[in-house]
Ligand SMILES: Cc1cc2nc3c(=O)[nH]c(=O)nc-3n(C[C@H](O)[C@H](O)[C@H](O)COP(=O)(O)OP(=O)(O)OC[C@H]3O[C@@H](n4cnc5c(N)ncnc54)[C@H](O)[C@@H]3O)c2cc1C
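Just one chain follows, in the form predicted on its own, and it is written as structure tokens.
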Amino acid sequence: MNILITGGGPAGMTAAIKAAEAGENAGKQVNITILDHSDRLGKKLRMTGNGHCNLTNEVLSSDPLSAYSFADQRMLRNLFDRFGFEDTLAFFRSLGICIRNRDGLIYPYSDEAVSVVSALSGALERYGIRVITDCGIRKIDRTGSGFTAETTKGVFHADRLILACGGASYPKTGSDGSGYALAKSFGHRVNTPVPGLVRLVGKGSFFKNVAGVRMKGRMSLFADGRVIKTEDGELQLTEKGISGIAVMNLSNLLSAEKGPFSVRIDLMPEFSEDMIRSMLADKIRTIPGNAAELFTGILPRKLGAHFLKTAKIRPDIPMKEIGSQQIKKLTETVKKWEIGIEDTGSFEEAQITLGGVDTADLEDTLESRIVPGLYFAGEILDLHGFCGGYNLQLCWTTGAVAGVNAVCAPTKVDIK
């Protein structure tokens, strides 16, 4: 049996390794080839988690669907039953990776994404899996009961085909959305790809004055005046808007809702409005100085200056001249800072791609219901989650399920 895998990212490498294992366990002769148009495998994987590689999340051991609220729940439940959190830990331990659990986030103990790529690459070599890099795919046709791929490195024939080409995020790593055209060529529906886990572009010209500020807060996404989701976490202010893990999680929800959009930020969620009003009033009463010092030790300097400007309070006036109504206004701003959202960041900066191959066209084995012998794995699928190792878990899971079933599952008869 010959298996062809397009894409040498986390899903593609996992599919290859699990297919090789399945063939060995079943006593089958399986020849596996990975085609990748980058110059080396796992380019995007090397960047994940800021180079540390958050492999998965302990939450998946007890509540595997909570981080995928906008994905195909039935499909996910089936996939995680086949290859879930514990299977992932066992898989990486079998590759020689020691696991570090950091508050539920699972990393390689080395804290290096490159070590994960190295371990996966080592397994490919041990199983004799052929890897062709710098390989552009011109087209793939259905030929008889198999497939023929015409590429810049020659023609390849296979009995089974696994499309694991990735999405459209970070295109410089090779994840450029080219797999969607291949999926469409086989008659598969592709739900519109949009950037996911990405910063939000804010309305207003003030962002350049507060860019670089980072602090914890509580962010609530509003769509057409309704609260859609609230996230606690770090807020990062950029020259064009807001970012941070909590904000990126909220960004995933924009494509499914209708605007106008805004994010309401509580910069001091541990304090009530009464507590903040009292804190500011006490500071004005007991500490001499100018208004510019009002938020010193409370908020980052740039943010304090912006709020004073918004409230039309000159920073050079004595602090004691700030009135009770101004204190009330400042307090409300700290607790309910509203930022209008006009767009998300681009694919070039997005961590993942939302949308992709519609899972309604797939069997539970990840085999196509349209083309027998065709499987899908990884970010090319319309299956996505929030930050925290959840999307890499989808790569390990879908790669494993597609790889094993490409070898072991009886393929439907092509009646065409």
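Treat the numbers as computed from the prediction; the structure is a model and nothing was measured. Just count from 1 along the sequence shown to find any residue number.
Just so you know, the form predicted together with the ligand exists too; it's not on screen, but the next bit is about it.
Only one of 377-385, 355-363, 58-66, 24-32 lies within 4.5 Å of the ligand in the model of the complex by heavy atoms, and it is 377-385. Proximity to the ligand in the model of the complex, defined as a heavy atom within 4.5 Å, singles out one entry of 326, 178, 236, 249, which is 178.
For a residue to qualify, one of its non-hydrogen atoms must sit within 4.5 Å of the ligand in the model of the complex; none of 162, 368 and 397 qualifies. Residue contact check for residue 174: one or more of its heavy atoms lie within 4.5 Å of the ligand in the model of the complex. Though the partner is left out of this view, residue 170 does reach within 4.5 Å of the ligand in the model of the complex, counting heavy atoms only.
The ligand is not drawn, but in the model of the complex it has a heavy atom within 4.5 Å of residue 49. Interface residue remark: residue 284 is not counted as part of the site for the ligand in the model of the complex, having no heavy atom within 4.5 Å. Residues are counted as partner-facing when one of their heavy atoms sits within 4.5 Å of the ligand in the model of the complex; in 113-143 these are 135, 137, in sequence order.
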